[in-house]
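We've got the same protein chain twice here, in two forms, each standing alone as structure tokens: structure 1 and structure 2.
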Structure 1
């Protein structure tokens, strides 16, 4: 089942057309990466999914129900983590989650068990400090706990790792990956390495449209391997190879790049014939960064 579907969604602010024709769907229990440059319209899209902005055209459904601007019943299925979550800083994590449970009418026993479960998931169990003393990473983890508190069918995270250090990013990505056992995760980002680590499916947003969409495997297959890299032990051997095969590209003092794989047998024969000292011959696979730069035309 598709947990989230956007069909030909449009949005303009005055004369500026931000989203021209956005169409994609997010299957249940997947981690879906919504990728785009800063200012591409990712946050605008998420606000429309939440009913905080009206669509300029098209249709959005969550769990099979249409999203309505202003007061949408579909938000009962959604947990949301904004890029900069705000809290009552005088509270501890347990106090804050208890407060969240109380305002939604949950029973005290359910509040306690759910709070403990989520604080363990996010690595904050037993944390007694007030939120005002938390790092950015700790606040993001508490934000995920809050967003998951009501057992949402869809967890939406807006740029959740953009301001975190490498340790904080890894911790948060691990949490999002484990959360898909409970829910479906949609997160926006421009950090492509994060997408490659945990996403099952992705969509690239560019110039108001979805430029690429599919599973990671499908997306990688859209572009062939970027070439074969040869590294020699000695600089003079790299020079001999370059002189014999001028179509090679020098990417380092002892490193050459071959872009046409059909020419590799001839190069290997030359290496064996001349007894050149080779340290490494490695196929360079296409990365999401290669694809993304191709999409944005840079």
Structure 2
């Protein structure tokens, strides 16, 4: 089932058309990466999903129910981590989580065990200070704890890793990945390595439209077949290979590029027969980075 669907969503701020036609859907129990440059409209889209901004056209549904601006009932299925999370500074993390539990009507015992579990998960347990003195990274951790608190069916995180140090970042990605068991995750980012680490599906937002969408493998496949690079130890070996297989491209004195992967076994035979000394044979991966540049550069 689709947890979240957006169809032909539009949004303008005054004259400025930020979202022109955004259509995508997020199936249950997936980690969905929502990628775009700064200012592409990721935060705007998320706020519309949460009913915090009026929709300029199109339709959004969460868990099958339509989202409306203002008091949207769909928010009870959602956990949200804002891009710059802010909490009541006079409370301690424990008190804040209790407050979160109480507003969603959880029982006292459940609140206590869930708070402890999440504070441990986010590394904030034993933090007795009030939120006032927290760094942005610590607020981000508390933010993920409060977003997960009510066992939401849909977890929306707006650039969750941007304020964290490398260790915190890895921990947060692990949390998101493990959250997949119970919930569906939609997170926005402009950091592509995060996407490659944990996402099942992605969508690129560019110039108000979804430029690319699909599972990680599908998206990779969209790029024309990537080549295989062969590097020999000696230049004359590269020359012999080049003579025997003229479709190879010589990109360096002893580097050859093979574009069609089907021909690789033949080449390997030749190498074994002639006992050529090989430094490396490497399949070139298209990174999302390349893809992103391609989309953006268009």
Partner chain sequence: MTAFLKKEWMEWIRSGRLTVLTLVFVLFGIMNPAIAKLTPWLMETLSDSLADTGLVVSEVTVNAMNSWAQFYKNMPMGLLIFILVCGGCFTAEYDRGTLIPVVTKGLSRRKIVGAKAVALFGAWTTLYFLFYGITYGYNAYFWDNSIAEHVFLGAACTWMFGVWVISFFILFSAVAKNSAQVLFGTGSAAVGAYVLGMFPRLASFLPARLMEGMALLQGINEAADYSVSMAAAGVMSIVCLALAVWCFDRRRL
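Because the structure is predicted, anything quoted here is derived from the model rather than measured. Numbering follows the first chain given and starts at 1. Each form is matched to the other, and the largest set of C-alpha atoms that superpose within 1.5 Å is called the rigid core.
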Quiz prompt | Index of the chain form predicted in complex with the partner chain, chosen from the pair | solution = 2
Self-check item: Rigid core superposition, residue 246 Cα moves 2 angstroms or more between structures 1 and 2
Solution: yes
Practice problem: Indicate whether residue 130 shows a C-alpha shift of 2 Å or more between structures 1 and 2, with the rigid core used for the fit. | Solution: yes
Self-check item: residue 79 C-alpha relocation of at least 2 Å between structures 1 and 2, rigid core basis
Solution: no
Quiz item: Superposing on the core, what C-alpha displacement does residue 92 show between structures 1 and 2, in angstrom?
Solution: 4.0
